[in-house]
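Below, in structure tokens: the form predicted alone, a single chain.
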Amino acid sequence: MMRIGVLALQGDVREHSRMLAEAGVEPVSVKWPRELAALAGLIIPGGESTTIGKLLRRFDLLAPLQQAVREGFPVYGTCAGMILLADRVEGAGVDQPTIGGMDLTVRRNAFGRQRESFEADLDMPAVGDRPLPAVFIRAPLIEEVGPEVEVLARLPDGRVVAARQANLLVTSFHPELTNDARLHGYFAAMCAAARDPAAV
């Protein structure tokens, strides 16, 4: 069975693991660089992006992940994970370590504080015709995408909340807080294709 990691430094590790299991892959909690080698891909959960970035440094994961992303390793970032994968971050702190790799400009806390959290049903053809439920909690927003980035979903007002560039996937929202595993299945398919392009 294909193994996909969930970065276990902060955020909804258990919830992402449950969704990966529903998508038919083996979830693995990841804290150390040596654990990356056995994986087909990695999910970076939400949380506080500056804190996660500093923890990546502390656990010696930042440089290995930057290198892995450059080499085409599939990574899916949700909420804070999206900030960590973006090349440009508006509202970043003085010391905001990021992985980078996606030609995006992302704005932190674009929807306000915790009390401004909301849910929405999104049109996302990449995962099927049925609307995808999405939970936004202190969510970032994709302000700008580069020419190699594919927009996957927008809010009704046109703001971009999901995108893909090669083997990198990001969402402003938390799919793991719903009962719909299609987005995790989509990422699993990305990982499978990266491992064996001839099988697609």
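Worth saying up front: this structure is predicted, and the values here are computed from it rather than measured. Start at 1 with the first residue shown and count on from there.
This next part talks about the form predicted in complex with ligand GLN, which is not shown.
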Q | Partner-contacting position among 75, 124, 80, 104 - heavy atom within 4.5 Å of ligand GLN in the predicted bound form | A | 80
Q.
Only one of 133, 47, 64, 27 gets a heavy atom within 4.5 Å of ligand GLN in the predicted bound form. Which one?
A. 47
Q. Of the listed stretches (141-149, 154-162, 33-41, 48-56), which one has a non-hydrogen atom within 4.5 Å of ligand GLN in the predicted bound form?
A. 48-56
Q: Decide whether residue 69 counts as a contact residue for ligand GLN in the predicted bound form under a heavy atom distance cut-off of 4.5 Å.
A: no
Q. Taking the shortest heavy atom distance, is residue 108 within 4.5 Å of ligand GLN in the predicted bound form?
A. yes
